[in-house]
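Same protein, same chain, two forms; see structure 1 and structure 2 below, as structure tokens.
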Structure 1
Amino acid sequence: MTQNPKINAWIKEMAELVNPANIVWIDGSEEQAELLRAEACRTGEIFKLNQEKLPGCYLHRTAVNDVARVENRTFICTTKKEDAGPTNNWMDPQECYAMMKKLFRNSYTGKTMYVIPYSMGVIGSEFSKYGIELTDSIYVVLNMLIMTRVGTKVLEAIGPDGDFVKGLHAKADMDENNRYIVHFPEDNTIWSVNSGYGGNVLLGKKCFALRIASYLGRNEGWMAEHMLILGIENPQGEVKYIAAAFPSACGKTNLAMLIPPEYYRKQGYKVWCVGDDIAWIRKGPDGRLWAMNPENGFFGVAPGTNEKSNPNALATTRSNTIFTNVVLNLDDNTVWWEGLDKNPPKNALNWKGEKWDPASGEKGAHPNSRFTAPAINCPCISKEFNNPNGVPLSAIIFGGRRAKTAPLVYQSFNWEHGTFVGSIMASETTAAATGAVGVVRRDPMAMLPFCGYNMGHYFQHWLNMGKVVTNQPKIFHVNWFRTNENGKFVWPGFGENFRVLEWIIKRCEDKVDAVETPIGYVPKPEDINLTGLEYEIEPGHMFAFEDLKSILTVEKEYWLEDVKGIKEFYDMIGDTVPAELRSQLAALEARLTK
């Protein structure tokens, strides 16, 4: 399929290791994809859904022990341990290769090896990067066909001696005690074994586009970030772009596809989605920071997605979509999940494929159930989506789930302080990774599970990038998740988040004042426009101006508590934490105790 000797030699070597019955190259054609879908339906790997209601849509169920990323089994294998840093699991590359070879050996016996040449970014763009994933799973092939740009054109773009990221995946025997997702950044290599779940096996996504790419970006002077990218169009037709980093299952897809409240829509405001999960960011010829989305689809959280919370995401999933671990409605062969609507199907199978009674109190869909949908399905996809240069950023937003500490929104004082704000991000854990849910953990720039090198060096890279760009994006922090004394979310969230974006854009344009607090600039409550907002926080309690005030406060005792946590976190990272950030922390503490 290619004249590139590096590709051919590598595939030969891998095939000798895993011993497939045959090798199939994925060419990117619809004909081949259709044959693979038919084959996967035949074996029960996927189920064809109601083709009138959901044309081109399928359902897949993972193994019950394989429903999320496994961070404790994810490794960064660099020659020197300190290059991976204390926030990553590390193994010596040679030892790891040896261990993994044992798990991979003959794992494809009797199976087909699918060779997926894929591009992260528009094929041919100088900012794109190429990879080849070898897999024994048609589900992986079908997902990669949606999530990335796949096929023979990628081989042509790699050319006769171009480089590529080498990905090897085997479901093997799905032994969770031998499940490993390992990265060799020095060799541009990713090996993943014993899993069939999204982020563990769609190697173009977190493994390549974040872990390997962040490593490459540091060496080459650009950034790979866990960020959505959106454009805000004002009534004059001008579009400003924002990138935002929130941890997994904390609202990126929702914000990226937001529909402004009616009050704004009537005036002509629009939001355009460029990306919902990953941004590759570099300095453009004009000296500003430009961001592009290396993906070609959305791997979104299903639960909570509905006509009200995210109509664009829902519309995106109505054709050519693969649903994973949702409820199957046996009456009409469609899908359902918690929060889709108030009518759970009575005759249904849960995500495990068992008969399910909605009255049982048990969840039907897995909390981390997902849809894989093509970006072109999205009603608000940006016309810049395929622009090889990406879009210029006016603002960068960090955010997380914090019940009490962080206000609805604040702005950092400058790039260096903004980097500090990103570095101290914290959030309550979600179902997107295995482990306890709802525990506060530090998750700098939402990259804790995705940074392919030492976190302290990553902070330094952020500081450095700020120095090389002119007209730096302004850096903000948001928190949609402040709760009241009854544990209810005070802020309505979703489409109403546009009101906060408006304030952010105004700050970027110097059109609105703010209050200087120890943590940064916080809005004057009257500057967040509440016109037309109607939201019942809890029965009988409609959102009012007082509620807005309550989530804009900066409580010193919570922040001083946080300072302790940040110190511990910085100390855990150790000497690589840049001195600038240590001084930022000292300055924050001083402002809080003044």
Structure 2
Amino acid sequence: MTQNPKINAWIKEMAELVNPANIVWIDGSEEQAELLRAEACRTGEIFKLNQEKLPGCYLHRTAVNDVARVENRTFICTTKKEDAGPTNNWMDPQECYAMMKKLFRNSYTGKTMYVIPYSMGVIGSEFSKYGIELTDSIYVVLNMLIMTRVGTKVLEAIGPDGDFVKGLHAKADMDENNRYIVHFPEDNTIWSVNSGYGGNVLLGKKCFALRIASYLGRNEGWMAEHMLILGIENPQGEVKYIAAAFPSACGKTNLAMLIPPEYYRKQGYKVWCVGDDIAWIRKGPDGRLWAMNPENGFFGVAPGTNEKSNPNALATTRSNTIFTNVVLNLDDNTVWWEGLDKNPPKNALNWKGEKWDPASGEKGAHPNSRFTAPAINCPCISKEFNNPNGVPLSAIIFGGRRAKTAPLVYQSFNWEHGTFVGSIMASETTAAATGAVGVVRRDPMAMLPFCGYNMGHYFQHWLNMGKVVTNQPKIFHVNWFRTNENGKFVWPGFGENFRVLEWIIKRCEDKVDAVETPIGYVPKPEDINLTGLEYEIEPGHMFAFEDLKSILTVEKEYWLEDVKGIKEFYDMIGDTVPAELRSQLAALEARLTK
């Protein structure tokens, strides 16, 4: 399939290790994909759904012990431990290879090795990077065909002597005590064993697109970020692009596919989705930062996705989608999950494949059940989605879930201060998450679980990028989750967040003023357009101008308390935290105590 001796030698070496019965190269053709689907249906790896209601859609169930990413079993293996940093699990590369080889040895006996050449990004783009994943799972093949650009064109792009990221995956015996997802950034290598769950085995996703790519980006002068990319089109047809980073449960996918309020839609405003999860960002020839989504599909959380929360995401799943760990409606062979609607099927199987009674109180779909859907299905996919040059960024947004501390939106003073704002990103836990309410969890740039090297060096890379970009995007922070004295969310969120995005774009265009505060620039309340907004915060209390003013306030006592937590977090990262960020922290504390 290829004249590249490095690829051929590596596949030969891996085949000798795992001992497959045969080897199949994935060429990216629909004919081959259809044969694989039929084979997976025959073995029970996937189930064909109602092809009239859900054309091209299938259901998959993972092992019961294999339903999510396993951060405690995810390792960065670098020669020096300090290169991985204190926030990553570290293992010596040689020790890790020795351990993993024992787990991989003969794990493909009697099975097929599928060779998946794939591109992260548009094939041929200067943004793009190429990989090859070896797997014994047709489920992985079918997901990679959706999530990445796969096939012989990738081998042509790698060429006779090009480099590639080497990925090896084996389901093995699904032993959760020997489940490992390990990364060797210095070798461009990812190995994953004893898992079949997408987040652990679709090696192009977090493993390559963030952990390995962040390491490559630092060495090569670009950025791999856990960010959505969206375009905002005004009535004149001009489009401005924003990248945004949010920790989990902060509305990232909803924002990526946002539908503007009716008031704005009637004027001609539109929102276009370029990406919902990952952005690769480079300096363009014009001195601006340009961003590209390296993925080709969405790997979204199903529960809570519905016509109100995210109609575009729901529409995306209606064809050529793989559903994982959701409810199977036996009456019409379709799928269901909690939060889809209020009509759970009476005759159904739960995510484990067991008979399920919605009246039992047990959830039918796993809380982390997923859909893998082609991006091209999305009604609001940007026409720039396949642009090899990416899109120019006007703004970068960081977000968190804070009940009282952060205002609805604020702007950083400059790039260095914006990097500081990203580095202190945090969310407070909810009762649903952990049982402990209000615990502050730091997740700088939403990258804590995904940075492939030392977090302090990552902060320095952000500062360095700011110095080489002459036309920097402005940096903002948003918080949709401010609560009142009764614990009710004051801001309506969802599509109404467009009103905040409008202010952000106006700031980028220098069309609106702001109030300088100790933490950054905060909007004047009258500059957030509330026309047509109707939202009942709690019975008898409709959202009003005074409520907006309340969530734009900067409460100094909360921020001073937060400063203590930031100091502890920086001290945990240690000496690699750049001096500039410690100076930013000291300056923040000084402004708050004036």
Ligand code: SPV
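Here, a residue number simply tells you its place in the sequence of structure 1, counted from 1. Under this definition, the rigid core comprises the largest set of C-alpha atoms superposing within 1.5 Å between the forms. These numbers were taken from a predicted model, which means no experiment stands behind them.
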Students should recognise the form predicted together with this ligand as structure 1
Margin query: Taking the rigid core as the reference frame, tell me whether residue 489 has a CA displacement of 2 angstroms or more between structures 1 and 2.
Written below: yes
Taking the rigid core as the superposition reference, indicate whether the CA of residue 33 shifts 2 angstroms or more between structures 1 and 2.
no
Checklist entry - Does residue 52 show a Cα shift reaching 2 Å between structures 1 and 2 after rigid-core superposition? => result no
Expressed in angstrom, the C-alpha movement of residue 545 between structures 1 and 2 on a rigid core superposition is 2.4
